[in-house]
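The chain below stands alone and is given in structure tokens; this is the form predicted on its own.
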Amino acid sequence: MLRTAIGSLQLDSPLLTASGTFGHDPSALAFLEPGDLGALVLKTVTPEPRFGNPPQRMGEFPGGVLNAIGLENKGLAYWRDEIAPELTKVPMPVVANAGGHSAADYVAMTEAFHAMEGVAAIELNLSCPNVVGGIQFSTDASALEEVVKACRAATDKPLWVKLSPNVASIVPFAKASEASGADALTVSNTLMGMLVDWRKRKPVIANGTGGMSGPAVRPLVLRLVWECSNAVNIPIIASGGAQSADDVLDYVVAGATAVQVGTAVFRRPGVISEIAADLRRLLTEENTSLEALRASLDWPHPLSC
């Protein structure tokens, strides 16, 4: 009932983890029931180790979380030697997430992931708002097109591009990604935000600003998914504030093929299995399917498309 395809990638479920919320390895799968998670999307890996930003790196607010982790990770060599061998044992497709500062970095990461047996697809993190460098790829469509083309030439594995919401219009970036050979779009990364402590007269996050995620961003990301789904012909993977089956189906109706669940996992590690059970129930009760609901929103196409 929940079987889904993102291009050539066959999934048992449209539910995916969001990069950065399930760590660098498959250990968090212990919280989920078999068949409920379609693909395991892992945290961003960069060519060299990164210590990330200084603390405080996370702050909560009523609508979600602000974070400025800064892509902390132990680098490609560690990931290749210690993590990659375990990925062949994971009972669903694994999507590796590539980060970097330059086109050469992304190509190197893509080549490395291409060579790993346990990696089924590659998601390019071209849009992290919490690191210095690389931001040109999320704000300049020509630069994005260049790096995606280069990565496309480096692999025949499914290639996803994770777009930024922090632009005037996401449509040119969606179109540039498709034209460059992307197999799917992840819409979207976190929104730039800020929290302050008025008593201290200082930001809550040491970085000053951070990426906002959680339920508060869902209406905005829903619009971005709708705009992208009307602009390109490749699958859209929604990522932004989903925490229930109704949220997932809203995204599907707006044009998403799959939905990543992230911030909700911090509070309820087993939430993806809860959502999967509710999806099966709702689809049965309504006598419908994901395929029938997809892109069925009864509303004119966006003017921007």
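Note that the structure is a prediction, hence the values are computed from the model and not measured. Each residue number is its position in the shown sequence, starting from 1.
There is another form of the same protein, the form predicted together with a small molecule; it is not shown, and what comes next is about it.
Checklist entry - Thinking of the small molecule in the model of the complex, which stretch from 75-83, 222-230, 151-159, 184-192 has heavy atoms inside 4.5 Å of it? => result Result for this chain: 184-192.
Next on the checklist: My question is simply whether Ile234 lines the interface with the small molecule in the model of the complex - judged by any non-hydrogen atom within 4.5 Å.
Outcome noted: No, Ile234 stays farther than 4.5 Å from the small molecule in the model of the complex.
Next on the checklist: When the contact criterion is heavy atoms within 4.5 Å, does Pro172 count as touching the small molecule in the model of the complex?
Outcome noted: Close contact is absent here: in the model of the complex, Pro172 is far from the small molecule, nothing within 4.5 Å, heavy atoms only.
Next on the checklist: So, Met58 and the small molecule: in the model of the complex, are they within 4.5 Å at any heavy atom pair?
Outcome noted: Result yes; Met58 sits at the interface with the small molecule in the model of the complex.
Checklist entry - Does Gly262 make contact with the small molecule in the model of the complex, using a 4.5 Å heavy atom cut-off? => result The answer is yes: Gly262 has a heavy atom within 4.5 Å of the small molecule.
Checklist entry - Out of Met109, Ala121, Val217, Leu144, which one falls within 4.5 Å of the small molecule in the model of the complex, going by heavy atoms? => result Of the candidates Met109, Ala121, Val217, Leu144, Val217 is the one lying within 4.5 Å of the small molecule in the model of the complex.
Checklist entry - Is it the case that Ala5, Gly38 and Thr257 all touch the small molecule in the model of the complex, with a non-hydrogen atom of each within 4.5 angstroms? => result So, no: the whole triplet misses the small molecule.
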